[in-house]
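The chain that follows stands alone, in the form predicted on its own, written as structure tokens.
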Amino acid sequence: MPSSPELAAPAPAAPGARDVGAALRTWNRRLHYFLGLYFIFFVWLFALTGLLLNHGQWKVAEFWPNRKTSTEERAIRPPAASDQLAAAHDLMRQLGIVGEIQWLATRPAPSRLEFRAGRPGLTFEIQADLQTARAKIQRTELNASGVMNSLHTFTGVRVGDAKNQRDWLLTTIWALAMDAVAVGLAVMVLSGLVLWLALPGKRLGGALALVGGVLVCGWFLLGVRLFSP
């Protein structure tokens, strides 16, 4: 007796479809753990510096009281460039300083050039008098905790400050690396969701963790603003 269409076994998937699905699952697993291995030290760096920023009372987190500061005055050759940025780069080359330039204020006088330059953990305050061809340089050096703290917030730009733009190549590379970390973590999360859905035995626990994370994050995004006095 022929079986009814309703009871007939489903037709097996075509070999090509199985191969494509298996390949996608394999590449998803590889993407997940390769990204995890590549970003592991970036994530640890931000996790550790986040703890230090959140617990400034810890002894290991203290860096500003332990800073080393020195001041010197040196002769300079007044830069020929009229552009402030070019003039600042000229002075930095003369003084052997490498790093990102940060303008502190408007130029106090045509004969003076004042700015801050440096890199994570090392800062130079430069006050140059172009008439007397002398420059005062204050050097501030931080310990390892200070370097990590600086890396956590080091971008070269500040919101609402049009004067300061990235002008050091390594600052741009660092900013691009942080963009890559952000995108990579988003991809890792999505690939992790795919891996989780492929494991039926883990779905309940994973769903509880997912809902818990959404609720806590949602509270900080919306609840604190809406329900706090």
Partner chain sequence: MSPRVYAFIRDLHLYVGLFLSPFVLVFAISVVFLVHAWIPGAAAPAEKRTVTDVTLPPDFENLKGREQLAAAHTVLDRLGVHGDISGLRQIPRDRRFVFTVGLPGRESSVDLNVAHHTAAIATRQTGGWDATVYLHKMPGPHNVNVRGNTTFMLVWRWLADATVYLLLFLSLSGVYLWAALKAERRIGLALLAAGAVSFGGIVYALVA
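Not measured: the values here are computed from a predicted model. Numbering follows the first chain given and starts at 1.
Keep in mind that the form predicted in complex with the partner chain is missing from the display, and what follows is about it.
Remark: Pro79 does not count among the residues lining the partner chain in the model of the complex, judged by a heavy atom distance of 4.5 Å or less. Shown alone here, Val20 lies farther than 4.5 Å from the partner chain in the model of the complex, counting heavy atoms only. Contact between Phe154 and the partner chain in the model of the complex is found at the 4.5 Å heavy atom cutoff. Mapping the unseen interface onto this chain, Ser70 falls outside it, with no heavy atom inside 4.5 Å of the partner chain in the model of the complex. Residues of just one listed stretch (88-96, 70-78, 132-140, 113-121) have heavy atoms within 4.5 Å of the partner chain in the model of the complex: 113-121.
Contact residues in stretch 194-216 (any heavy atom within 4.5 Å of the partner chain, taken in the model of the complex) are Trp196, Leu199, Lys202, Gly205, Gly206, Ala209, Leu210, Gly212, Gly213, Val214, Val216.
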